[in-house]
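Let's start with one chain on its own, the form predicted on its own, as structure tokens.
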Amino acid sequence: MKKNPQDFVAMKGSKPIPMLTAYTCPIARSIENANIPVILVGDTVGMVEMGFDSTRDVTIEHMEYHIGAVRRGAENTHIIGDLPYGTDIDPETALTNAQRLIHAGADSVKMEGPNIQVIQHLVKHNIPVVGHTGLLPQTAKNFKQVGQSSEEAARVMKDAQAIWNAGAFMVVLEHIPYSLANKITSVLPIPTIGIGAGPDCDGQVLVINDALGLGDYWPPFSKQYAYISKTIQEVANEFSKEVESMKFPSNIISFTGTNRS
């Protein structure tokens, strides 16, 4: 059964929350079958799937497309849709774009930074919001850990509390010191989801391409559970050799069903 924001808040302190990203229907279906309770359709799609150098190149149309694909694959999973760069510049603009993501299939939306008026406006219009503080890829000049100095740590803490006070039901903490994530998690009454923020958060999120080993570069705080890129290359090499030697398609085993090209 699909979880709602209240369900996730109730999980805080009692059951860790696993979250994965997804951008396609078959990946989303597999994640749902694994009983992952929440999928993030993040603007990371721009870098890991579309070849962009930054998430800032991702548009609202891109997000609608991928959210729709993920929803078709995971009908019973809570889906968070990212508001891409520039789509939440003011409350009304953010509301229009958030409604587009909800219409595409998202159950809630995520936005970066302590944009308090926007969060309040979305919540007022019954759109559940997930906050995001620490490293903010849409506006960051580099991908260094955030919150190492006492001043910066205080700012991140303040931002996290402001995001909660504005009405968010969950907050992502990205690439901050473990001790800071622990402190924020202990203070906030809503779940914290860590990515490069240590083991003390209420849940963890991982980019599916990083988990699969799909690509040629992965952040230092990710974990590869497989190396799919190598498998793809091996399959492509084997296919090429079979075509050249004329083994393919003569070695295909017949089956009853619909062939897909």
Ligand code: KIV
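Residue indices: 1-based, along the sequence shown. Just so we're clear, the structure is a prediction, and the values are computed from it rather than from any experiment.
Separately, the form predicted together with ligand KIV exists; it is not shown, and the next lines address it.
- Distance criterion of 4.5 Å from any heavy atom to ligand KIV in the predicted complex singles out Val207 from the list Val58, Ala69, Val207, Ile27.
- The three marked residues, Asp82, Lys110 and Ile195, each reach ligand KIV in the predicted complex, with a heavy atom inside 4.5 Å.
- For Glu174, a non-hydrogen atom is located within 4.5 Å of ligand KIV in the predicted complex, even though that partner is not displayed.
- Mapping the unseen interface onto this chain, Ile39 falls outside it, with no heavy atom inside 4.5 Å of ligand KIV in the predicted complex.
- Heavy atoms within 4.5 Å of ligand KIV in the predicted complex map, among the stretches 72-80, 95-103, 140-148, 166-174, onto 166-174 alone.
- Shown without its partner, the chain has His132 as the single residue in segment 126-157 with a non-hydrogen atom within 4.5 angstroms of ligand KIV in the predicted complex.
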